[in-house]
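Quick heads-up: it's one chain on its own, the form predicted on its own, in structure tokens.
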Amino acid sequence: MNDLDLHMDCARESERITGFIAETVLRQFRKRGVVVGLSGGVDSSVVAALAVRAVGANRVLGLLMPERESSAETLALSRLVSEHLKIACEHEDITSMLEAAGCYRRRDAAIRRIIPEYGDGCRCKIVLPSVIEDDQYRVFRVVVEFADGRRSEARLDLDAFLGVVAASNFKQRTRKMLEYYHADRLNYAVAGTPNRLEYDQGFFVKLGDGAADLKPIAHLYKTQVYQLAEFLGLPEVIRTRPPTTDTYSLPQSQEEFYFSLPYDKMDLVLFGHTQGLLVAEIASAVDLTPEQIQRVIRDIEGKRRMARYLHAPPVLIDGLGLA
């Protein structure tokens, strides 16, 4: 075993997490069960499977919350997981709620600041240039596909970028609102689904997918979540599905949207950096140059600084002595 080995004892870790879920939900919070928003991805599927082991399938509710721009696979894969785990599920299409909040309208208006011809029939995503190629300051770009298949790409200025992100965040916050509706209705707790890479690097929306009563896999690297998925016997299509954002109407990987590298390499760099390993050791393990690893580490630290706000609870002038 080398210093960058992320393999774990899945049986022991599964037992530890299920014990944590049962203790937190049933005894600490005194709730009857667990609500999990299912996305068809490996993280939410693993959390749901662990919740079933912790409190029983009859005490876990899976929520299926697609909208008009979700991947065609999202609903089918979410249903597959709920059926595999034999848990109850609720299908809540959030399109009308997003329309009422102006999610699509506000986002499209922000895009038209940069690409005026963007409109009905168009699809979009925002992307970030690779960090490993050079030291240039990275700026988000918007990619637009027109109804006739033509594509256009342009740099987003700050106001347009903030407008696109702010409007898109309605999706995560709307889903969380529904999770808490069902949790309140059933006297359940809401389980969050971020892995360590997402939690550490701030890849979540504050008071959206970042909100939860417990986060059972936030200490696990994405690589380890896939290991648990196999141990737990989740369907192969879930265990082999690459991570996606499923936020924009064009298909989009997490790598092109936020992270510097594919998740397996990003896990190793984050782990090695957190453990204080030498840059040369990390570079050798992920087959990159030390200079490229330095760029990734600078990006990691920059995202950690931004994530402090996302992790921060409401700030009070004086403590109230409630702890």
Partner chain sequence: MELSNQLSGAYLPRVRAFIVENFLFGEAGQFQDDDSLLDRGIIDSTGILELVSWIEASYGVRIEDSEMLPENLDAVVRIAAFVERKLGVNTTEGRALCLEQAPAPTGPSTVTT
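These figures come from a predicted structure and were not determined experimentally. Residue numbers count along the first chain shown, from 1.
Not pictured, yet referred to below: the form predicted in complex with its partner chain.
Colleague: Is residue 152 close to its partner chain in the model of the complex, meaning a heavy atom pair under 4.5 Å apart or at it?
Modeller: Yes - in the model of the complex, heavy atoms of residue 152 and its partner chain come within 4.5 Å of each other.
Colleague: Do residue 135 and its partner chain share at least one heavy atom pair within 4.5 Å in the model of the complex?
Modeller: Taking the distances in the model of the complex, the answer for residue 135 is yes, it comes within 4.5 Å of its partner chain.
Colleague: So, residue 104 and its partner chain: in the model of the complex, are they within 4.5 Å at any heavy atom pair?
Modeller: No.
Colleague: Under a 4.5 Å heavy atom criterion, is residue 161 part of the interface with its partner chain in the model of the complex?
Modeller: Flag for residue 161 set to yes.
Colleague: Select from the listed residues 230, 83, 157, 99 the one whose heavy atoms reach within 4.5 Å of its partner chain in the model of the complex.
Modeller: Only one option qualifies, and that one is 157.
Colleague: Could you work out which of 141, 219, 173, 123 is the residue within 4.5 angstroms of its partner chain in the model of the complex, going by heavy atoms?
Modeller: Flagged contact: 141.
Colleague: Thinking of its partner chain in the model of the complex, which stretch from 144 to 152, 73 to 81, 174 to 182, 202 to 210 has heavy atoms inside 4.5 Å of it?
Modeller: Selected stretch: 144 to 152.
Colleague: Scan 274 to 309 and note down the residues that get a heavy atom within 4.5 Å of its partner chain in the model of the complex; none is a fine answer too.
Modeller: 305, 306 sit within 4.5 Å of the partner.
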